[in-house]
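First, one chain by itself in structure tokens, the form predicted on its own.
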Amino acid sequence: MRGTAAMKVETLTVRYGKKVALDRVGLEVPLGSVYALLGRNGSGKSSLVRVLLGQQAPCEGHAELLGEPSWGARTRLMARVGVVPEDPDAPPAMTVRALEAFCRPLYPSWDGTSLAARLDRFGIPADAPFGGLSKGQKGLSLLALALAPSPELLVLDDPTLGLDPVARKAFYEEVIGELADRRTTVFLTTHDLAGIEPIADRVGILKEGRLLVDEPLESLKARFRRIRYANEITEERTEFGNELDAFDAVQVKVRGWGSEAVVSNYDDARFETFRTTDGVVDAEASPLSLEDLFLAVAGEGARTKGGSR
């Protein structure tokens, strides 16, 4: 396989009539990584997944999957990719065993033993009709089928949506186990930010079709901070408003006790200068969870700069 990216898009644009679903988006998913694509409903996540999987041609730009064009090489590439859709679906009368018999000929590296072991761990009977399974069992069944051919790339489209805590825990444990065993590349869209935060290497955030963030989670969390402080009038300081000029503030709220800001260019030296600014009192900086960070970047009232890469 050429290069070091499992998935790659450049200046990707998708339109539906006059509506722009993706606006010149560019990103790379490194081999062996866990890439979490985040965005509110309607942000363009599903369109991006369809283009990457070769299910839809872009209006403009280029998409690659495992080093080859997604659109032109889809049939050959899908033997190396496992997919779990947002809505787990299969003919209701088919059993998981029948689904395996259908899928097995499509994948030269099919491992029926590992599939049986996963179904046993999940407590899913192979002879039960798919339509009689709970939503959690359906999702876990499709995960087991997606992992049976030992894929190089696993694509998960909001896979834990609607799952109960037990099924969600089992889902993530299985994905983590696969990463430990084979270092499979994982690309997923999700609203379950708490669940994905412990295992994501890299994060992308879409808002209204534009990619606002695309970087390693570790560096993202290092440069974002929530800063809280009180303001005081002094002899030298007679008005407020410019104390945050050294920061790129993506969100600012004025409280009764002072101000709260989320900044995207935090570092210790800059904060120390800010903390000693005349009139700034009791300043403190705290890290953000992935959910807090997402709300600051893509939520209502978020201030954004730049756009897709």
Partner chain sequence: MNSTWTVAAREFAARKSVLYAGILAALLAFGAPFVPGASRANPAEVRAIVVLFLGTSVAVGSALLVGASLFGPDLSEKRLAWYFSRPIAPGALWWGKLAGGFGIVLLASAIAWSPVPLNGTSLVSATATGAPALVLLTLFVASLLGLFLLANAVSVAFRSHSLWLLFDVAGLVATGLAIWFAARILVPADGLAAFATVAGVLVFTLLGALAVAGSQQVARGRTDPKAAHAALSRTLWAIVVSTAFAAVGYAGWVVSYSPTDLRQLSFAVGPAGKWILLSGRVARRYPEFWGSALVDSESGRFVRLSTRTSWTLTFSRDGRRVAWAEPDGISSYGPLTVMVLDAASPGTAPWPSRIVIGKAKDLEMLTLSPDGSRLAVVAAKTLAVHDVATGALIGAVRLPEPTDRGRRIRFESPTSLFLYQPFAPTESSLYRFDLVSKKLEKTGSVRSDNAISGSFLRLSPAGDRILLASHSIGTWLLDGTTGGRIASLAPPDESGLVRSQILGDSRVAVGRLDEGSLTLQLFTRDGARESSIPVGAAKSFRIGGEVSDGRLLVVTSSRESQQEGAQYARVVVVDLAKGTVTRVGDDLAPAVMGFPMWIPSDLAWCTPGSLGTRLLRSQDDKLFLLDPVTLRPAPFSLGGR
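Numbering follows the first chain given and starts at 1. If you're wondering where the values come from, they're calculated on a predicted model, not measured in any experiment.
The protein also exists as the form predicted together with the partner chain; that form is not presented, and the subsequent description refers to it.
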{"item": "Residue stretch of 172 to 180, 189 to 197, 102 to 110, 117 to 125 approaching the partner chain in the predicted bound form, non-hydrogen atom distance within 4.5 Å", "value": "102 to 110"}
{"item": "Candidate from Gly132, Gly162, Pro91, Pro216 lying within 4.5 Å of the partner chain in the predicted bound form - any heavy atom", "value": "Pro91"}
{"item": "Interface residue in the predicted bound form among Ala167, Val83, Ile227, Leu212, criterion: non-hydrogen atom within 4.5 angstroms of the partner chain", "value": "Val83"}
{"item": "In the predicted bound form, Leu142 touching the partner chain (heavy atom, 4.5 Å)", "value": "yes"}
{"item": "Arg74 within 4.5 Å of the partner chain in the predicted bound form, heavy atoms", "value": "yes"}
{"item": "The partner chain contact in the predicted bound form: Met78, any heavy atom under 4.5 Å", "value": "yes"}
{"item": "Gln55: touches the partner chain in the predicted bound form, heavy atom cutoff 4.5 angstroms", "value": "yes"}
